[in-house]
Structure formats: structure tokens, C-alpha cells
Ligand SMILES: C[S@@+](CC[C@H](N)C(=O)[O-])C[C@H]1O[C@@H](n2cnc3c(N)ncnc32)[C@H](O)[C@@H]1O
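Next up is one chain by itself, shown in C-alpha cells, the form predicted alone.
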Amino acid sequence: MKMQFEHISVLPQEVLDFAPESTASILDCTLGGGGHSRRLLEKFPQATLAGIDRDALAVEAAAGCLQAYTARTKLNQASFSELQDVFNNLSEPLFDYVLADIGLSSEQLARPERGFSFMQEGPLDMRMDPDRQQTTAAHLLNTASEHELIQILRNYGEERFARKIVAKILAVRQVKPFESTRDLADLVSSVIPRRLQKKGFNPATKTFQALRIAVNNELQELTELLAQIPIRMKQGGRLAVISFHSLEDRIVKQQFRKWENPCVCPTDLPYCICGEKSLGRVLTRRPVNASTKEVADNPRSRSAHLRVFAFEKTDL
């Protein structure tokens, strides 16, 4: 078993470049190994940083990475839905810059015992917080109904072969319960016709993504984060979100647009009567992607999409 926590932060320069010039308070909602936080604290030597991650190993690794900045940092293990408790402990702070790097870390994928990767043999776990979460991917596969599994694969994985994959899962689990990542990856590969399998794209990718999202309640957690952030921003503060798949990116894009233009009046009215006020503006009309060089150095960054919102109205 690996002892060190290794994670390569994606879009590191872009994250720095979008921070407001006068940044004095930072919230890193996904510490990972602390890479983004360290760079931000280096750039803003007077700034303080609050950091959270739902993965205890990530918080521990970040504490080591940020050891030189202990006086300026406060780190907590928490999910997005627990942010209010964190804010309460920090005396309801306001932030200049909030960062959320959504999804899996390279470290989580690299640890077979976490069960996130279809490339390595391991238990079907997929919990980001195994100490506090009860439901594993194996539990879902072995106990969920046909309808529930189909909905998970369709809604969270956008898997076109969801029904066929679930039918095979139901047949197999009657003989032997699912326990390993390899069992599931091999099953999915056997169901999807080879002629329809994309070159360089593992056929189990969407199924693993769907189960991981379901196990960790990821889309609901992201929605909760976006609901809580506006009232925690200073005037001129910015929120930067990095996502890795279309479901998350769509949620972020739609929320940013709503913040910028919340008016719900009929288009034929000459002026707004709904009273909804814009919170600011979207700084990234299209997502910012990794450079060719970064993708070559860190292939995982290929899927990264960065969107940034600038808050100019805080009278919520």
C-alpha cells in the first residue's frame, strides 16, 4: 500500500491568474495534496487560507504541503454540504477567492484499495470519505434494484448500454456478489460490442463514473456548494471551479449564467419587474482548458474545464 499522497494540481497557472490582485482571504474547497493552496499562499504573502476536503488523507497531505504557512491556514475535513459548519467555526468569514477542483484526485485513482480505477484490481469501494460514508459501490451493485441501477448509469454516466449492462449485473450477482473492480470492468467490456468501443477509451469508464457519483452524492454536493458560496464572497470576489465531466460542467455553467442574468420576466416586457438582481459576471464565456504542454506532462488535465465568476453584487 502507498504511504505518500501524490497529486498533480491541474491548471495551476490559470488558477493563479484568475485570483483577484488584492486577494487577502482564500477558500480552497478541494485541498487535494495542497498544490493549488501552496501556490496561492506563495503569490499572496499576506493572505489567509481556509481549506477543506472530504478525504482525510488529502487533508493530512495538504497539512504537510502547507507546513510553512501554518500561521495563515486553517484546514478541515468536510464535504460541501458541511460548509456551513466550517463557516460557523471560522466566525462567518468572507472570501476574495474561492477554488473548487471537482472530482477525483490522481492520488485517489492511483490507490487500488480505494476502488476508483478500472485499471487496477481492488475492492469496489469508491468512497471519498471511507471513515464516514457507509455505502460502497459494491453495496450499490449488489443491492440496488434494476430501475435504480439503470437510472444511475444513465443519469450519472450517460451510458447508452445501461440496460444491457444492468441486466448482466443482475444475472451475475445472483451467482456471486460483486467485490472487485476487475469483475465489474470485465463485465462491462463483455457487454459493449467491440465494434462500438472507442479506441483509447476504456468501455468501463462511464459505468465507474456513474457509480462513483452515486456513492459520493457528487452532483448534489456540487449544487450545495454553489448555493452557499454567494453569501460568502466579498465585493469583487471570484469563484473558480474546475470540473472533469459534462454533468458537473453543465451545472456550473448554468448556475453562473443564472447569477449573471437572473431575470425571469417575459421577454416582451419593456423592463424588468421581477426584482432579481445580477450578482456579477462570468469571466470565462468558454471553459479554460489545459495547454498542450500540461496535457503532455499530466494526461489527466485533458478533461479539466475551468470556469470563473466575478461577484460584483453581494446584497443577497
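These numbers were taken from a predicted model, which means no experiment stands behind them. Residues carry their position along the shown sequence, with the first being 1.
The same protein also exists as the form predicted in complex with the named molecule; that form is not shown, yet it is the one meant from here on.
Here the chain stands alone, but in the predicted bound form its contact with the named molecule, taken as any heavy atom within 4.5 Å, falls in 30-38 among 30-38, 287-295, 249-257, 43-51. The contact residue chosen from 124, 152, 188, 78 relative to the named molecule in the predicted bound form is 78, the criterion being a non-hydrogen atom within 4.5 angstroms. Only one of 108, 243, 209, 73 lies close to the named molecule in the predicted bound form, with a heavy atom inside 4.5 Å, and it is 108. Of the heavy atoms in residue 169, none are within 4.5 Å of the named molecule in the predicted bound form. In the predicted bound form, at least one heavy atom of residue 103 sits within 4.5 Å of the named molecule. The named molecule is not drawn, but in the predicted bound form it has no heavy atom within 4.5 Å of residue 301. The shortest heavy atom separation between residue 25 and the named molecule in the predicted bound form exceeds 4.5 Å. Each of 9, 58 and 221 is positioned with at least one heavy atom within 4.5 Å of the named molecule in the predicted bound form. If you take 123-140 and check each residue for a heavy atom within 4.5 Å of the named molecule in the predicted bound form, you get just 128.
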